[in-house]
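Starting off, we have a lone chain in the form predicted on its own, written out as structure tokens.
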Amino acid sequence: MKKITLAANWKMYLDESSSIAFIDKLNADKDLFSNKDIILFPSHACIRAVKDRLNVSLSIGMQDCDMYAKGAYTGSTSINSIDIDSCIVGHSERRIVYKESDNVISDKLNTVLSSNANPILCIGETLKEKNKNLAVSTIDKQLSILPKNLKGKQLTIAYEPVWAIGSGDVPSNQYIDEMLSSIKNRLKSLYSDTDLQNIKLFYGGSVDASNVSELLNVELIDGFLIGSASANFEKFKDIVKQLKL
């Protein structure tokens, strides 16, 4: 049975003190969290505190990065600013709130691919696009930025229907399977079998302890990108308990 990855996107829910408090609880329950494939995504300013405090072998990632790796870009954060394992690009909140275009997301993706970190590219349709039967074409457009060369890196595609994020409205397993199948077919048209072995498919959007067990029945899901539920230690712990590995 494959090992499921949990990517915990804390967004801006936890400041430094609450991030440390979360890690202290995690350390105290290390038997549960050890040997699990978990990536924590603290706020940029809290990454060092989390890395220094963590006593369990988990991965650490950035929630976003600048398209430039270095230079005179006040207020931005370089992918090379600290040693991390993964970086999220293209999250719907970056697309919608900060108006990031596919071109900007493409630049960020290529910057991550040129670093030591592995990228997690978020894609997903809005409710309006879903209702107009534009979900697949929207996903295809968002995937069109993928480079031909993955440079031997592991790439994760996180399918997060925008209408499900934070709403509690989780798609049916059949809907998720159909969308992930469409994504996988698109990836097959772009990459060799060797590259495909280094690509994972995640689901994200209102994932919590009440639905993760059912979502695990979707065969194409390799992991979950979890938002608010991952920033609450007890809620996250309940999710971890349901992992089959």
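All of these numbers come straight from a predicted model, not from anything done at the bench. Residue numbers run from 1 along the displayed sequence.
One more form of this protein exists, namely the form predicted in complex with a small molecule; it is left out here, but the text below deals with it.
- Judged against the small molecule in the predicted complex with a 4.5 angstroms heavy atom cut-off, the residues N9, G205 and I226 are in contact without exception.
- Taking the partner from the other structure, the small molecule in the predicted complex has a heavy atom within 4.5 Å of a heavy atom of G166.
- By the criterion of a heavy atom within 4.5 Å, E125 is excluded from the residues contacting the small molecule in the predicted complex.
- By the criterion of a heavy atom within 4.5 Å, E93 is counted among the residues contacting the small molecule in the predicted complex.
- Looking at E100, you'd find every heavy atom of it more than 4.5 angstroms from the small molecule in the predicted complex.
- With the small molecule omitted here, the record of contacts in the predicted complex names 205-213 of 59-67, 205-213, 184-192, 33-41, defined by a heavy atom within 4.5 Å.
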